[in-house]
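What follows is a single chain, given as structure tokens, in the form predicted alone.
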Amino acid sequence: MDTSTTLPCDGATGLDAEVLRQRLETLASSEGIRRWDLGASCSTDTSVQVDRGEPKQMKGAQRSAVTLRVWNEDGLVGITSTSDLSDAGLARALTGARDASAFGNVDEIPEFSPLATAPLPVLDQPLRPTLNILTLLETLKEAERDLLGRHAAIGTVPYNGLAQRSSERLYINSDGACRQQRLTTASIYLYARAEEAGRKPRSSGAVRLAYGAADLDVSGCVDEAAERTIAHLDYAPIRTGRYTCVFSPEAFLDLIGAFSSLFNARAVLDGVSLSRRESLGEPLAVPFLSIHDNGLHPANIGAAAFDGEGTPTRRLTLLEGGVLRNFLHSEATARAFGVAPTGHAGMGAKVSVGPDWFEIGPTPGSGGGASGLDRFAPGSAGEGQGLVVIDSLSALHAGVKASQGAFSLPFDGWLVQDGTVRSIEAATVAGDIRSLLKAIIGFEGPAKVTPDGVCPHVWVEGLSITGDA
């Protein structure tokens, strides 16, 4: 008798991956299917939003996604999706994927990852209890009230949210792979809008992540959102020209993420990357820059122990001393390059590849470029037009041409000139990512942990800034 009809998920006592693997093994055998794999994820989410002290949205949701692949006798792959994990539902998914395999792509045939049964890294990810949605609402209302009280010009916090999630993901295959991971996460974001008489509105915000809603640094989020917003109130136009620029950690990580196809083996094979097969070992940046992809970093809330193919996550060197050392790989791209998978795959008939979490900074022993950099120190920008501090970038999807290397992006930031610091009214920064990576002067201050990675402030010379002055 079937008792399970849909994918259960409570973040702590959900699906048993080994039981599911045994059931699938029995069902596949009865259908004459020898080779299959399954990836699944499910989550229970609770979130709230407010508007000037009143609830704007209170939402709870359960989400699930199950992908099943079957290889036929000719080695072609069929794929299907389902949320029905009853025996009848799994049998339908298996036969559906088997039927679809007749139309599989002969030029793109994935295999099981050779590391799908390798030991997994041990992650310190405590499971936290979820809070009542009314508790979340009161917490967010108090945070909004606190932020509105920080400055008379801050009139609204139009974008805000407090959310918590209990999630579970697994990967199993017919060769005995059986992966499972459970996780709880929470987040808060506050994006304030300030306006003074006769002046344009100015906005900025902050975000915080934690393993549970009770662990969130709500006051720190309020402090940062207020500080950033207030700092943009006194603005002025900037002259068009070439400037030395200082990227905030968030802005530089966004830029590297937008051009992550530089390190993506799938993009290389598809011909949509600036890199080529032969690019490994070639200099790509200044000799003191290193970039790693490290989904296992202790500060990475939501770290995955394995990818969509069951390959363990690991720290991977992308750039070391400015030289391109490795690409991000799935099983298929790794096979094409004759290397091991790196743990960056999705799941599908044609498997996607993507980065996890960047570590950016100076190469050990390199000196890290110019030393003693301080964007706000008197004389640091020299005389004349000054130094541009880029706080955040906008329109990354529209302003980046990843396959060409070009970017033209609006930004929020400040002009540091003759000892004064003033917010920039409106401007765009433009250039080529290859030229930018070779124009880095050095790094300022300790690396900062952000939701997308860890990075210090990055100084770059000679960037084109288009302003209104």
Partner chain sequence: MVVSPPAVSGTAVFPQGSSRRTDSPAGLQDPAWRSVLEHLLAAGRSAGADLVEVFLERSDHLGLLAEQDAITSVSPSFGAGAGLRVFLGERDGFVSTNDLSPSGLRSALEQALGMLGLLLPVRTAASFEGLPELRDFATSKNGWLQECPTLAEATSRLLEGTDRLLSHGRHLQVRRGSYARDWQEVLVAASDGTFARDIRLHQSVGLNVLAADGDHRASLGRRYGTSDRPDDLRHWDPEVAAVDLCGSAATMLHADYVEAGQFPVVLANRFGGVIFHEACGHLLETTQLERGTTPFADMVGQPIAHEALTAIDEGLSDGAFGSLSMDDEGMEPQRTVLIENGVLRRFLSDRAGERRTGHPRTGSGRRQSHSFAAASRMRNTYIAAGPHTPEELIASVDRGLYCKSMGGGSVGPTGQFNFAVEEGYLIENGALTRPVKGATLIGDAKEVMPRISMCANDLELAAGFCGSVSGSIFVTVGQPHIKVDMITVGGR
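Residue numbers count along the first chain shown, from 1. None of the values given here were measured: they were computed from a predicted structure. Rigid core (definition): largest C-alpha set, two forms, superposition within 1.5 Å.
Same protein, other form: the form predicted together with the partner chain, not shown, and the subject of what follows.
Enquirer: Using 4.5 Å between non-hydrogen atoms, is residue 58 touching the partner chain in the predicted bound form?
Expert: Yes, residue 58 sits close enough to the partner chain in the predicted bound form that at least one of its heavy atoms falls within 4.5 Å.
Enquirer: Test of understanding: in the predicted bound form, would residue 361 fall inside 4.5 Å of the partner chain by heavy atoms?
Expert: No, residue 361 stays farther than 4.5 Å from the partner chain in the predicted bound form.
Enquirer: Report yes if any heavy atom of residue 31 sits within 4.5 Å of a heavy atom of the partner chain in the predicted bound form; otherwise report no.
Expert: Looking in the predicted bound form, residue contacts with the partner chain do not include residue 31, since no heavy atom lies within 4.5 Å.
Enquirer: Residue 93 versus the partner chain, in the predicted bound form: is there a non-hydrogen atom within 4.5 Å?
Expert: Residue 93 belongs to the contact set for the partner chain.
Enquirer: Please identify the residue among 214, 118, 272, 127 with any heavy atom within 4.5 Å of the partner chain in the predicted bound form.
Expert: Exactly one listed residue reaches within 4.5 Å, namely 272.
Enquirer: Which pick from 315, 200, 239, 145 sits with a heavy atom within 4.5 Å of the partner chain in the predicted bound form?
Expert: Of the candidates 315, 200, 239, 145, 200 is the one lying within 4.5 Å of the partner chain in the predicted bound form.
Enquirer: Tell me, please, which stretch of 437 to 445, 31 to 39, 415 to 423, 399 to 407 lies within 4.5 angstroms of the partner chain in the predicted bound form when heavy atoms are compared?
Expert: Selected range: 399 to 407.
Enquirer: Is it the case in the predicted bound form that 89, 103 and 156 each bring at least one heavy atom within 4.5 Å of the partner chain?
Expert: Contact check passed for all of 89, 103 and 156.
Enquirer: What residues in 429 to 461 sit within 4.5 Å of the partner chain in the predicted bound form, counting heavy atoms only?
Expert: Residues within 4.5 Å: 430, 431, 432.
Enquirer: Hey, does residue 448 budge by 2 Å or more at the Cα between the shown form and the other one once the core is superposed?
Expert: No; residue 448 is a residue whose C-alpha shifts by less than 2 Å between the shown form and the other one when the cores are overlaid.
Enquirer: Superposing on the rigid core, I want to see if residue 391 changes position between the shown form and the other one - specifically a Cα shift of 2 Å or more.
Expert: Shift at residue 391: below 2 Å after core fit.
Enquirer: Superposing on the rigid core, is the Cα displacement of residue 294 between the shown form and the other one 2 Å or more?
Expert: No, because once the rigid core is superposed, the C-alpha of residue 294 moves less than 2 Å between the shown form and the other one.
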